[in-house]
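Included below are structure tokens for two forms of one protein chain, each presented in isolation as structure 1 and structure 2.
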Structure 1
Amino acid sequence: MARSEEGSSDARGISLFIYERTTPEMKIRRIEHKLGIHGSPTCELQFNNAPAELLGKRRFGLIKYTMSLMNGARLGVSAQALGISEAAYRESIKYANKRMQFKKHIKDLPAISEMLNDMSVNIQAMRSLLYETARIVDLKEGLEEKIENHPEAKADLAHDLQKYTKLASLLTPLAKLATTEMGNKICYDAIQIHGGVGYTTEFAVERLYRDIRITNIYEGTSQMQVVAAMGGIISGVIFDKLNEYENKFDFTKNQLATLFEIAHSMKSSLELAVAHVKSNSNFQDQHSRRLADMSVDVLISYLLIIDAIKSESKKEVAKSFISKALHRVRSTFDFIISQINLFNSFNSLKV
């Protein structure tokens, strides 16, 4: 990618190019020394007046072509974060079952068992979000392929394609944000469970802690995932999806009605927060991360209840996740509203 439009400074001034590696204008700079992922060498490619050919249309390099590649990239990194988290959890369980302190296995200490339980619940929660996101991206790509092979079906499929494109644009950044941020927390706790030995290179959690750190940076930082998800949250794509789940599944089954009531109340808080944030464009930038985090909590709560409708074993996972998510959503909601009220009352004083 390179900036092709002189005088431009935004994403619409960037195009895609092909560079044929037959001339000396491209230099590979040194191999970087990194904190983690040492199995994957990273180096910078420097292009000095390198001749290149335009690929596709001008100005579409980032906003269209690269963005469409992002669905796969975000899913890949989310899966990487989930895998590292699962490894960190397994190492922690193994260690907590072996290590004795005060004549007890540390797994039986409430502080450790709560950490282990949170790890397990959050991994299952992230997996549920990742699989749902992958399913939606599959549906979107399937429709694209069908339209390419059968152009005559385009009109019939256009509505569905638009729906799944919007959903993929919302869910892929939310999944990357959630799995990579949670993965960092899980690896942090994994070292904590290991105590001092976790900080040494003798135990795998030290490497996992370093390896997970890149996942919320590359293929777009968490802050960029928030920017990418905001359109779908503000425009209501997320609520359309939650309403669709409500219509499709019987949330009163398997004694899940109370849990669903809680998840539904979290959805209402999110709706109200979005309505308040929409009242002033400054609020959107200020509270975007909070809205994205609330969206993740609400979405996962719905997905875990759906998992529990299908499988009894997921009921405890849903209960455990939702009981903590409720407090996060409530306190974030209170903070957003109090900040907006403060801003409004300050402004009315100025008038």
Structure 2
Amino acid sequence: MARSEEGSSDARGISLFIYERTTPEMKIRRIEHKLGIHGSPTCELQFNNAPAELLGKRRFGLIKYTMSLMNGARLGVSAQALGISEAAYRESIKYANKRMQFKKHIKDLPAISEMLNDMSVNIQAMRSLLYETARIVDLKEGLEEKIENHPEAKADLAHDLQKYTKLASLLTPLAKLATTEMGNKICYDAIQIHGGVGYTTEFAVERLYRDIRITNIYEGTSQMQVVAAMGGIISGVIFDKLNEYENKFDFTKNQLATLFEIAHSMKSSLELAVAHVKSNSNFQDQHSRRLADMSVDVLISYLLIIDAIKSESKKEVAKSFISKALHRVRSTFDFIISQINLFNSFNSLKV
């Protein structure tokens, strides 16, 4: 990727190029020494008047070609974070079943038991979000391919493509935000469960802790994922999807009505919070992360109830996640409303 348009300073002046690796005009300056991910070397490449061929069209390198890769990149890193989290959980279970303290296995200590349960529930919750996001991206890319191969069908498929493009633009950043941030928490807890030995290189969790750290940084930091997701939250794309779930599934099945009532109340809190935040652009900047976190909790709550409709074993997972998500959503909602009311009160005093 390089700037191709002389005098340009924005993203529209960037194009993609193909460089033939066998020619000598490029050299590897250094191998980076990183905190983790040692199995994947990272290096800086220096090009010195290197001959290259234009890839695609000029000026589209960043705004079209690179951005088109973002859905897949976010999904890939989300899956990576989920895999590392699963490994950390399995290591923690194995250690907790062996380690004795106060004449009992530490897995039977309430503090450790709750940590392990939270790990398991959150991994299953993140997996539901990741799978749903992957499904949406598959549908979007399938429609794009069909339109490319059958241009005559474009008019009929345009509406669906627009719908799934908006959903992918919302769900991929939310999935990356949620899985990578939760992955960091799970690996943190894994070391805590291991105690002092978890800080040594004798156990795998220290490596997992180092490896997970990059996931909420590369392919867009968590803060950038929030920015990417806000359009779909503020414009109501997320509520359209939640309403679609309500119309498609019977949430009264398998004695899930109570759980759905809680999830629906969280959705109402999110709708009200978004409405308040939209009243002032400053509020959107201030509370964007909180709205994103609320959206993740509400979305996953719906997805876990859908999982529980299909599988009885998922009911306890849904109960556990939703009970804690409700507290988070209510607390965040109360904070947003109190901050906005305080701001409005100060403005009234100034007047």
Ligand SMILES: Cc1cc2nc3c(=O)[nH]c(=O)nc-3n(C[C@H](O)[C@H](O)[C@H](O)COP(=O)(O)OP(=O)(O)OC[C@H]3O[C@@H](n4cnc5c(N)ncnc54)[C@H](O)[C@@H]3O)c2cc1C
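So that the term is clear: the rigid core is the largest set of C-alpha atoms that superpose within 1.5 Å between two forms. From a predicted model like this one, the values you see are computed outputs, not experimental measurements. Quick note, the numbers are simply positions in structure 1, starting from 1.
As summarised for this chain, the second structure is the form predicted on its own, and the first is not. Core-superposed comparison between structure 1 and structure 2: the Cα of residue 18 travels 2 Å or more.
The Cα position of residue 59 differs by 2 Å or more between structure 1 and structure 2 after fitting on the rigid core. Once both forms are overlaid on the rigid core, the distance between the two CA positions of residue 344 between structure 1 and structure 2 is under 2 angstroms. Summarising the core-aligned comparison between structure 1 and structure 2, the C-alpha atom of residue 6 is found to shift 7.7 Å.
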